[in-house]
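This document starts with one chain, in the form predicted alone, laid out as structure tokens.
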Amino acid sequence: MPATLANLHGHIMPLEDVRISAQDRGFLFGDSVYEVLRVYGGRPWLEEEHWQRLKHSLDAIRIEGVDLERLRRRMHETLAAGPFDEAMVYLQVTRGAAPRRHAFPKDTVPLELLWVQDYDDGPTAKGRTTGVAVITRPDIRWGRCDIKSTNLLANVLVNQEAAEAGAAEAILYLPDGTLSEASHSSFFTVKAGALQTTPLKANILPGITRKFLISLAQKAGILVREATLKREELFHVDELFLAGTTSEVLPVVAVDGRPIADGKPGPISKRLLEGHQRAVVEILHAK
């Protein structure tokens, strides 16, 4: 069995066998949206929430004619064809192939592609224990970060800077110093026992793990505030952590070479990580 199986318009094949038109608008313009799901024990995690966000993205850029339930069935068929246990699902829908013009083409059939690949959590798991370092960089992205678009060049550039600095991520800030989110993660801070994260109205992606952790914290009696933070305030928080589909809860112990608090993962970060892991186990046992 190939380590990665793709599904293109309902046809399952090795990923390397996928062929897409050079005139596909996802390739030419980034005229497409995507989702990434984590699979635990063969089951997609927070599946409904991901599909709701995919629908939001499709509606926002006006791609029509996509049967989401059919696409969802294809995802499960591809998972079962593995079969996959610990895996990641990537889904991408483009406006389709047409002669290169900026305006929407007429009667174009959207391209529906997904693939499933085995996922090795080892490197990230180590970071959850030791904590990771991040850098801060200017937010140079476009003005609709609520859409999970494949237009990710700005994210790629700042994440490359993080990689070259030996950091796990780059947290982004606006011209006035207001922090938004990270290049491919949400982030949370803790101060005096309260959890704080950027509000959705501040033009950030509605992170699925972000939403789940807010709910988890509220159920645990942890005060949650949705408010923006300035870059200089970041160095005075008690805890900082990243949140994402594959990172789950990833404590940050240093920013721009400066330690956060005592330079170790904090108690609330650990508590939420344990809560996330318990919830995954509960879902698996509910089969």
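Start at 1 with the first residue shown and count on from there. In this text the structure is predicted, and so the values were computed from the model without any measurement.
In what follows, reference is made to the form predicted in complex with N-(5'-phosphopyridoxyl)-D-alanine (PDD), a form of this protein that is not presented.
The closest heavy atom approach of R72 to N-(5'-phosphopyridoxyl)-D-alanine (PDD) in the model of the complex falls outside 4.5 Å. When contacts are judged by a 4.5 Å heavy atom cut-off, G131 does not count as touching N-(5'-phosphopyridoxyl)-D-alanine (PDD) in the model of the complex. Residue contact check for R53: one or more of its heavy atoms lie within 4.5 Å of N-(5'-phosphopyridoxyl)-D-alanine (PDD) in the model of the complex. N-(5'-phosphopyridoxyl)-D-alanine (PDD) in the model of the complex comes within 4.5 Å of a heavy atom belonging to L205. Checking T108, Q196, N155, Q92 against N-(5'-phosphopyridoxyl)-D-alanine (PDD) in the model of the complex, a heavy atom within 4.5 Å turns up for just one residue: N155. Taking the partner from elsewhere, every residue among A182, S186 and G244 has a non-hydrogen atom within 4.5 angstroms of N-(5'-phosphopyridoxyl)-D-alanine (PDD) in the model of the complex. Shown alone, this chain has one stretch from 112-120, 96-104, 157-165, 208-216 that lies within 4.5 Å of N-(5'-phosphopyridoxyl)-D-alanine (PDD) in the model of the complex by heavy atoms: 208-216.
Taking a 4.5 Å heavy atom cutoff to N-(5'-phosphopyridoxyl)-D-alanine (PDD) in the model of the complex, the contacting residues in 127-160 are R141, K148, N155.
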